[in-house]
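Below you'll find only one chain, the form predicted alone, shown as structure tokens.
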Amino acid sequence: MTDVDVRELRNCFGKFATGITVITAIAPDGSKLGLTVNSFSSLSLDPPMILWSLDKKSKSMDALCAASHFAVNVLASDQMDLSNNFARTSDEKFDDIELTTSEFGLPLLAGTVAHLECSNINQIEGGDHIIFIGKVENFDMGHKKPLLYTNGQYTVAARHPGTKLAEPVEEDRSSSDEFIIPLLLRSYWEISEPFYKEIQDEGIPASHARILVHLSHSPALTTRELGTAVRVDMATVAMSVNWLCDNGHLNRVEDDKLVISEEGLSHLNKVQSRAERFEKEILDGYSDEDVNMLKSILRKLIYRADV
């Protein structure tokens, strides 16, 4: 085949699902560089190397070629807006974007699935693109699902329906796991640990989240009452309450009771949005009937004293 329909070839390439990254770097003049890239790929484990490619017509080409290091920010499933932001041509891409700074001085995007900080070791011609090769100097990972792109649109990863859920291990009936309390505790730990790790990555300690959630349903509690309600030790509750008050998330009212503020509600909304997405990921692969039955049984256990 000699003549290729470029539009159709682009559509063909789009059948391959990819993750979405934002490449960030510092230009020689000290300004921040950032652009959305889905051509990222691992290249080597020993030595640790990655690659990505950039259109030769990109205005950032010269600055990126001159940069000593760059970072690969692997976007999470709730960061579609970030992808769109860094895909545009603008001098204001980094306005109002939450960042941290790496040991190499690179701007890192908050809330991503992963960061890889790389030394910029080579560039190779590849048709109408330049292939950048980086040596991984540092990396870290979070606990969120990645943002994907295929067929010209964003999507998210989900369990394939052909993948069987783990079957319970057959054990002796005398095992303590046959009792409801150990089973409930184990299921709670399995679900809650990765969720709390994720919100911790976002700078929201579990104790803060529990306090805000509880006060949104039961306002005007003292610190001691909160400690009993959220089942966190009093020292941790006291420190969390002080932090939340100092940062405007809680207000102290009459009799030293605590109520959630507008700022606190905004903070709580971040927790709840992550909880909703996390629940969908945890329950992926279960039928609506199974999910509704589980929730019904749990509600009955929780509110059995009111029956």
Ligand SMILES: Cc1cc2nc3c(=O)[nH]c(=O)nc-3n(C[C@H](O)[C@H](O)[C@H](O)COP(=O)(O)O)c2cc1C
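Just count from 1 along the sequence shown to find any residue number. Here the structure is a predicted model, which is why all the values come from computation and not from measurement.
The following text describes the form predicted in complex with the ligand, which does not appear among the structures shown.
- The candidate stretches are 220-228, 191-199, 82-90, 178-186, and the one lying within 4.5 Å of the ligand in the predicted bound form by heavy atoms is 82-90.
- With the partner removed from view, the residue among His214, His143, His129, Lys135 that has a non-hydrogen atom within 4.5 Å of the ligand in the predicted bound form turns out to be His129.
- Of the residues Phe139, Phe94, Phe104, Tyr149, just one reaches the ligand in the predicted bound form with a heavy atom at 4.5 Å or closer; this is Tyr149.
- Remark: none of the three candidate residues (Ser240, Asn247 and Ser261) comes within 4.5 Å of the ligand in the predicted bound form, counting heavy atoms only.
- The ligand in the predicted bound form comes within 4.5 Å of a heavy atom belonging to Thr36.
- In the predicted bound form, the ligand stays beyond 4.5 Å of every heavy atom belonging to Ala25.
- Using a 4.5 Å cutoff between non-hydrogen atoms, Asp62 does not count as a contact of the ligand in the predicted bound form.
- Shown alone here, Asn251 lies farther than 4.5 Å from the ligand in the predicted bound form, counting heavy atoms only.
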